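This document starts with one chain, in the form predicted alone, laid out as structure tokens.
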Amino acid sequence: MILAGYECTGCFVHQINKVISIACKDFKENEKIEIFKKAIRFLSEVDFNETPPEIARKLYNFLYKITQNVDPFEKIKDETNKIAENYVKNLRLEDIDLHDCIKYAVAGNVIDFGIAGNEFDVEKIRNFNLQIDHFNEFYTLLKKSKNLLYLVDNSGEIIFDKILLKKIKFEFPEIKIIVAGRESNIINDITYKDLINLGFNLEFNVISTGYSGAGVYLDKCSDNFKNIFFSSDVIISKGQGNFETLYGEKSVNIFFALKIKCNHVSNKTKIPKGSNVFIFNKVS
């Protein structure tokens, strides 16, 4: 795991402001200030000997309660999904190989409203490359795997994830694919309910992690999820939140697909900020 540090405070304050700007847009100015001050006081008492996703989970649950809005990002999630759907509508599986699908999935990870200074720009997807690319290791494992667990991350990029999953299913129809979403709303992350609404259950097995944080904190996930996690032949973990909570896990074969979005994670992993990566945990 990657524990939080001082550099994470900027993103937490950004997240507070983001929730207030969305959930409290009709509030009076003094009411917004009071909510901000309460959130800062709450944050000041949080134990930073936790992963950033676990701190974010506590902070968001507090914000949802005091703003009386349990899903302020609902509209944003829908909008980013539609943007992504429009972008991939002309993509045909037969025109792109599996490696390209991995790249699309990683590139989609630029959509993240939880990171300060990292707003979504669809143009960023048009030109990119992978600074670390363990596709060969992935393909070797995939050829002898019976099951694959896919840990999703944010809205928008979930559409690119679906392209990758369809390609894996097309090339390896014998592999059982399980897709895991968050237990409940957190930022613009994809929940189990979102997966159902997006029709993932029509093509793949869909489960919840049993955890509502923006990551996969195994100690707080459901027994059902942990059984599937530790029995999976290969796991694809999308996004920085999953990376922060699972980094260093060596008991299973995990491929981390993400963009390194902040200095804190960059410093902890020695991977330059801004890098698009597809990292095998046994290699990293």
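Just so it is clear, the structure is predicted and the values come from calculations on it, not from any experiment. The first residue of the shown sequence is 1; numbering continues from there.
The same protein has a further form, the form predicted together with another copy of the chain, not shown here; the description that follows concerns it.
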Triplet Gly5, Ile33 and His264 all within 4.5 Å of another copy of the chain in the model of the complex via a heavy atom: yes
Interface segment, criterion being heavy atoms within 4.5 Å of another copy of the chain in the model of the complex, picked from 214-222, 63-71, 246-254, 44-52: 44-52
Heavy atom of Glu29 within 4.5 Å of another copy of the chain in the model of the complex: yes
Distance check, Gly10 to another copy of the chain in the model of the complex, heavy atom within 4.5 Å: yes
Ile20: touches another copy of the chain in the model of the complex, heavy atom cutoff 4.5 angstroms: yes
